[in-house]
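In the form predicted on its own, a lone chain appears below as structure tokens.
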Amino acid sequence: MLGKCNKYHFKMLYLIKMGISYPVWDSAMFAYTISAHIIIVGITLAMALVITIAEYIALKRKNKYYEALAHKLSIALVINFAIGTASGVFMAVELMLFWPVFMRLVGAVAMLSFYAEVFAFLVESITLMVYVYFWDNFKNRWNHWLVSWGVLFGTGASAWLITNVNAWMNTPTGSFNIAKYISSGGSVITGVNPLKVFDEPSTGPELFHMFMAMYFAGSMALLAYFAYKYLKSKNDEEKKIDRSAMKILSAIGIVDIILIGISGSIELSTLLVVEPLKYAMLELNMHPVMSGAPEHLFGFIVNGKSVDFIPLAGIQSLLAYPLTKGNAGYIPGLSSYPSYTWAPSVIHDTLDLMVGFGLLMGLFWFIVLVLRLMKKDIFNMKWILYGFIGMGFLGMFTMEDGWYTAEVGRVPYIILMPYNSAGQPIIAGHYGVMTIAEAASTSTIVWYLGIVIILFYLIIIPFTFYFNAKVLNLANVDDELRKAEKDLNINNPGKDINSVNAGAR
């Protein structure tokens, strides 16, 4: 027993010597968890969207290749759903153990969003099981296609409702009495309005941009896989299915990259008004100005001064206030706020990376669009196919980079303070409702749980990719196509498709 105690204390002393505090460890572990989880979520969202589109095309055109694609993707979606559910449960446990003070406030104010997410999860799980396991029971294939909309809605609503809590954390305006909460030292929670959590100043722009980024990243990951498989496959029938997938995913890529640009611009414009401190750090603005603010390319803050950046004169003001050509419009600066409230300046560089990669991907998709308008067969252009593979890596990295930028931009707070029209917190001297240090757990169990979390995702993410690839590999492509012909009634035109067989499969 004494030996075990000595071993335990040695470990704790070692961690302390390494400079790892409870808040840092808690933050790092949860950041790691979400970084891994959103990979699964992005791919799941994209799968649900592609399935709905693919089956519609299959039914509309009597196309067996799109039907086979929808069927195979639906089985892969079951794998992602199961693993995503396990990951979600893991995250729920983490929230309670790592952030007990935070969850107390969430439970009193914002739990309705989590509760609604349970109903979205039920819609997703029920419709997915019906869609996959009763595939052959629907004689009217259009009724089966309608079930896919339940899957699409359930997956989307789950992501929407969870992100809604994040938007509330950024601008918790009117959902509870913040002044009373602050003055009581966080012990009194009054004036709760749970419905206001769904309508915060940052809700619309944040969720719009998040959805576009998640669908894009997931779609690009799928596109990379199908492009790789298309390049390697020797089976012409399988290549036709892969081509069908790439047609859908490339169309999503073209539309989505435009929407990402629009939503990103709206998100940054919203930050300018409702989160001026975060905006100032994202843009590396040291002092507020009314016109002519330059855009800073990269750079850091060292000893209270911005260094190592490339200035683009007047560009930031022009982008923020295009109607006045950048000549009139308030741009916030960090000097208006105490330095202890500043987030790490690295988020400025991660923002620049996100925007830079976004522009690079936008250029690629513009070229693809031009080639498609010229009626070129882009799927027989190897450089385009390799570009698709590159999009998979860039799309996922940019999504992760954007999430890191947004979340680290809130440091040192886990819940920010709303700001007034003058760009100052509504309660003078308080720039956040709750700091990360106040919210973090100091239970020794977090050290051990963190190790389990690391191992869990090191196993589960490769496992997910491996079995998705196994399902989508189509080793039995001829059987899949024969099944698709039967489903679409291609070889039996006299078959009645207007009834639904209610029996078991």
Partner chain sequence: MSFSYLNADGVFLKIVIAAMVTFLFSEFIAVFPIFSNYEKHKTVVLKHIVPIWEITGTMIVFFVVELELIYSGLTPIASYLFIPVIGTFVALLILRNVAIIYAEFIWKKVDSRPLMMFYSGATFLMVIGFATAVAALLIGNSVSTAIPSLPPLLHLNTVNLSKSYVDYTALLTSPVYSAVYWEFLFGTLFIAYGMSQVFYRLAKRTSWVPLLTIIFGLFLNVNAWNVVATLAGAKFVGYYMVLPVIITLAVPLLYMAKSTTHLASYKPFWFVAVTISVLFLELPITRIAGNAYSINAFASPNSMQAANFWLSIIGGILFLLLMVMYAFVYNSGKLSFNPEKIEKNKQEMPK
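Numbering follows the first chain given and starts at 1. Here the structure is a predicted model, which means the values were calculated and not measured.
Not on display, but discussed next: the form predicted together with its partner chain.
- Only one of 366-374, 395-403, 93-101, 234-242 places residue heavy atoms within 4.5 angstroms of its partner chain in the predicted bound form, namely 93-101.
- Contact annotation: K62 falls outside 4.5 Å of its partner chain in the predicted bound form, judged by heavy atom distances.
- Using a 4.5 angstroms threshold between heavy atoms, I445 counts as touching its partner chain in the predicted bound form.
- With a 4.5 Å cutoff on heavy atoms, A110 counts as touching its partner chain in the predicted bound form.
- Although the partner is absent from this view, V123 contacts its partner chain in the predicted bound form, with a non-hydrogen atom inside 4.5 angstroms.
- Out of the listed residues M290, V118, I426, V273, V118 is the one that sits within 4.5 Å of its partner chain in the predicted bound form by at least one heavy atom.
- V130 is the sole member of L268, V130, I252, I347 with a non-hydrogen atom within 4.5 Å of its partner chain in the predicted bound form.
- Proximity of W160, W168 and V411 to its partner chain in the predicted bound form is absent: no residue of the three has a non-hydrogen atom within 4.5 angstroms.
- Of the residues in 51-79, those that come within 4.5 Å of its partner chain in the predicted bound form through at least one heavy atom are, in sequence order, I75, V78, I79.
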